[in-house]
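Encoded as structure tokens, the following chain is the form predicted on its own, with no partner shown.
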């Protein structure tokens, strides 16, 4: 699971008001090379919750992203490459996503998060 996906997911358990960002528990991270696309990164920047991305990347062992980011940083090739790596090339292969409010763990197996809810959570 890429951090792009993580940044779009939240816990939808009944009664949860604070289901984002999901905390990551890492068992295995893999890096997969992806073609560098500046236009994609510039378009995605406004859609990304930056603090969640920066924290998630640190949890997965990548500490190169700044704590805060602004659109003027998109002019820097160095910044774009770090953003690209964190967003698209880091993959949570095995682990869990944890609801920040309830502590419910959603497993991630073979890079696929299982966000299915139990009957009593719907």
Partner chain sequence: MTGAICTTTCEYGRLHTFGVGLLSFPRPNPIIATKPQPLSGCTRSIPLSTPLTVSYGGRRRMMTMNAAATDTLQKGIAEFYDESSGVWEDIWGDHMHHGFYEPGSDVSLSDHRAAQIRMIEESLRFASLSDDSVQPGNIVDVGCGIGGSSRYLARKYGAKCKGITLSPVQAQRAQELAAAQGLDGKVSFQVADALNQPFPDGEFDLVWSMESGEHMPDKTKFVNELARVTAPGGRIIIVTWCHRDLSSSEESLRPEEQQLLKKICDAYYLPAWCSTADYVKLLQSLSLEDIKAADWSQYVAPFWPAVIKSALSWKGITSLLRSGWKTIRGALVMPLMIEGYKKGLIKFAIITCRKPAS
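All of these numbers come straight from a predicted model, not from anything done at the bench. Numbering follows the first chain given and starts at 1.
Beyond what is shown, the protein has a form predicted together with its partner chain; the following relates to that form.
> Hey, in the model of the complex, does residue 40 get a heavy atom within 4.5 angstroms of its partner chain?
Taking the distances in the model of the complex, the answer for residue 40 is yes, it comes within 4.5 Å of its partner chain.
> According to a 4.5 angstroms non-hydrogen atom cut-off, is residue 112 in contact with its partner chain in the model of the complex?
Heavy-atom contact with its partner chain at 4.5 Å: present for residue 112.
> In the model of the complex, does residue 12 have a heavy atom within 4.5 Å of its partner chain?
Residue 12: yes, in contact with its partner chain in the model of the complex.
> Residue-level contact is defined here as any heavy atom of the residue lying within 4.5 Å of its partner chain in the model of the complex; does residue 44 satisfy this criterion?
Within the cut-off, so yes.
> Has each of 29, 74 and 80 got a heavy atom lying within 4.5 angstroms of its partner chain in the model of the complex?
So, no: the whole triplet misses its partner chain.
> For 1-34: residues with a non-hydrogen atom within 4.5 angstroms of its partner chain in the model of the complex?
In sequence order, 2, 4, 5, 8, 9, 10, 12 come within 4.5 Å of the partner.
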